[in-house]
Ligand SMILES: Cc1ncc(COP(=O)(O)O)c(C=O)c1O
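We begin with a single chain expressed as structure tokens, specifically the form predicted alone.
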């Protein structure tokens, strides 16, 4: 089988292997091997398209996760999910990596973060209630709010001296106008912004004043990069967390989104009692292999995660250099967490073509699939989201294809 067009020169994986398995290196990715994956990232487009549109890294699994999954498969252990050990593993992970003392009795299993959002909207709000979000933001937020019979209330983040910030006057206006919930993306997807503790305290004060439930999606939190510090919303204390829930998962940090496992963490005893009313489908809709992988990741994946964060810190800077060299009119602020790059392409030729989005031009002329900024809300017009959780060689290929589309 020949190597896909445009990926020639990408090195084969090292035969000598590493401490985490033969293919676990972050820089020795085998393009042909990646093409054999069956995930949405690698099957959504034809083989001549290089995919960088979905929040999925190219790196191999951490060895503790691989070993745990192999052991489960060898046992034929693929039945319904049981959460035994999950809350304890999550609490250990939070204590070791962030100094957050999690009460295990406040942790609840759900299939994934968005399934948790669905359950929380049903439990904590009523049909027709307004739910605040901060576009540009993770596209499923819009659909899940509407599918739950609630109203989307948009309070966009704003650029302030090159940094994305919350618009607190607009947020208070939305709360005072009757919104009943705030679906917070923290760290923020797609901008990669890590909100400060002071930001979160302001949200807590406003939400308490107006009786707004805060649902804090913190799926990218374990990937907070050097220079930033993530604060779990419900770690602010019982008063701030009285009407709040943090949603967390190992899925993004350890690349196991397809295994289906996440947790809800109640911010207070009162919220814990409310979450105890969650339907049984929240547990049995989760995947047992997701539970197995999450426990292994949270208990034993720390050394691998440290190496991953070093890699992501490096590639966010490398991507900035590539854009500066090949597409100097593109505007990019390196993310403070995660592996997603939010790039303003409105100054490029693809951003100025009537009726075409930059993403569609990059796809048709450069054969590189990027996230369309319009999917993240109207304020995303002219932007693309680029998944940069890959090797330097593939990252260079992404930038080269973007540049080729502009030249075309």
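None of the values given here were measured: they were computed from a predicted structure. Positions refer to the first chain, counted from 1.
This protein has a second form, the form predicted in complex with this ligand, left out of what is shown; the following refers to that one.
With this ligand left out of view, choose which of 289, 185, 275, 174 has a non-hydrogen atom within 4.5 angstroms of it in the predicted complex. Of 289, 185, 275, 174, the residue with a heavy atom within 4.5 Å of this ligand in the predicted complex is 185.
### Message
Please identify the residue among 260, 193, 242, 230 with any heavy atom within 4.5 Å of this ligand in the predicted complex.
### Response
Selected option: 260.
- request: Find out whether any non-hydrogen atom of residue 348 is located within 4.5 angstroms of this ligand in the predicted complex, and reply yes or no.
  value: Close contact is absent here: in the predicted complex, residue 348 is far from this ligand, nothing within 4.5 Å, heavy atoms only.
Test of understanding: in the predicted complex, would residue 219 fall inside 4.5 Å of this ligand by heavy atoms? Looking in the predicted complex, residue contacts with this ligand include residue 219, since a heavy atom lies within 4.5 Å.
- Spell out, yes or no, whether the shortest heavy atom distance between residue 150 and this ligand in the predicted complex is within 4.5 Å. Close contact is absent here: in the predicted complex, residue 150 is far from this ligand, nothing within 4.5 Å, heavy atoms only.
Notebook entry, point to check: Is the gap between residue 31 and this ligand in the predicted complex 4.5 Å or less for some heavy atom pair?
Noted result: No, residue 31 stays farther than 4.5 Å from this ligand in the predicted complex.
- Query: Which single stretch, out of 302-310, 105-113, 74-82, 91-99, brings residue heavy atoms within 4.5 Å of this ligand in the predicted complex?
  - Reply: Heavy-atom contact with the partner occurs in 105-113.
- prompt: If you look in the predicted complex, which residues in 121-140 sit within 4.5 Å of this ligand (heavy atoms)?
  reply: The one in contact is 138.
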